[in-house]
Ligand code: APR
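So this first bit is one chain, no partners, the form predicted alone, shown in structure tokens.
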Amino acid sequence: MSRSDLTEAAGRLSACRRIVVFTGAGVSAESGIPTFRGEGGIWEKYDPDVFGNIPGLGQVWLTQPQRLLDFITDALDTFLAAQPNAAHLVIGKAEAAGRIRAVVTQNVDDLHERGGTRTVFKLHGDLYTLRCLRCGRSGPLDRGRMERIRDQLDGMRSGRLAILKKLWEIMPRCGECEGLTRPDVVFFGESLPANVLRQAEEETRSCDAFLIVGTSGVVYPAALLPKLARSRGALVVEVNREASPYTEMSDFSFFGPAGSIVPELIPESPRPA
């Protein structure tokens, strides 16, 4: 990454009026949430063919409740400990200043919102939203309630039937029909939320700059969005740890930590008149 290229990219972005930021696991990794497939990621410890889909989780619930308890505890500990990093914060401030139109993310955490971004399209769902398995209604899961659920998991190290009973007791219920709820995230084998994907595509079609941050470009259909932006003539800028399938199609590619590079690309200044 040369200083001159960074300066040129920042200058060209500063002239843009409708910037869309497209983020993936790489931006949250700097906040302590490992990428699922990377070193130290959750799929190193838990088989994604089992823990990455609803039928698999149901089977673990019935046959290995202690293993399910470990999975839930590890996930909650990771997400609750994470804090927005410099990339999240500068994106939020730049949106408030009118420089960024929207964030499209493949992440299910709340770090963009906590970093100040208001318009976030979550392609893979939201860990902080619960969906009822009976009536289908969705509602928010605030951090305080998530912390209380995590606290209730402590000490659940007795027999299988006792764990099953306790898990059943603490599972959140729907406020409308009292049905069981699940995190409203996209598991393997499930479709992306059609309305969110449509909104993301609309923003991408109308943007004049598309900033890729921390995504490998291997998960579809989300991976098609940068190509859509390019086909519409948008400036495409990539920030990743290493080269990706987006590198050759990007006008600029910068390799390194998002928390260091993104603030250089989108300083907190109002958009041009």
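Please read all numbers here as calculations on a predicted model, not as lab measurements. Residue numbers run from 1 along the displayed sequence.
FYI, the form predicted together with the ligand isn't displayed, but the following is about it.
*Asks:* Consider the chain as shown here, without its partner, and state which of R230, R205, R67, R241 has a heavy atom within 4.5 Å of the ligand in the predicted bound form.
*Replies:* Spelling it out, the residue with a heavy atom inside the cut-off is R241.
*Asks:* Name the stretch: of 146-154, 106-114, 71-79, 168-176, exactly one has residues whose heavy atoms fall within 4.5 Å of the ligand in the predicted bound form.
*Replies:* Looking at the partner contacts, the answer comes out as 106-114.
*Asks:* Using the partner position in the predicted bound form, report whether V21 sits within 4.5 Å of the ligand, counting heavy atoms only.
*Replies:* Output for V21 is no: heavy atoms all beyond 4.5 Å of the ligand.
*Asks:* Give a yes or no for P263: in the predicted bound form, does one of its heavy atoms lie within 4.5 Å of a heavy atom belonging to the ligand?
*Replies:* Contact check for P263: no, nothing within 4.5 Å of the ligand in the predicted bound form.
*Asks:* Looking at the partner-bound form in the predicted bound form, is W61 within 4.5 Å of the ligand by any heavy atom?
*Replies:* Taking the distances in the predicted bound form, the answer for W61 is no, it never comes within 4.5 Å of the ligand.
*Asks:* Examine G11 and determine whether its closest non-hydrogen atom to the ligand in the predicted bound form is within 4.5 angstroms.
*Replies:* Looking in the predicted bound form, residue contacts with the ligand do not include G11, since no heavy atom lies within 4.5 Å.
*Asks:* Taking the ligand in the predicted bound form, which residues of 121-152 have any heavy atom within 4.5 Å of it?
*Replies:* Heavy-atom contacts to the ligand in the predicted bound form: only H124.
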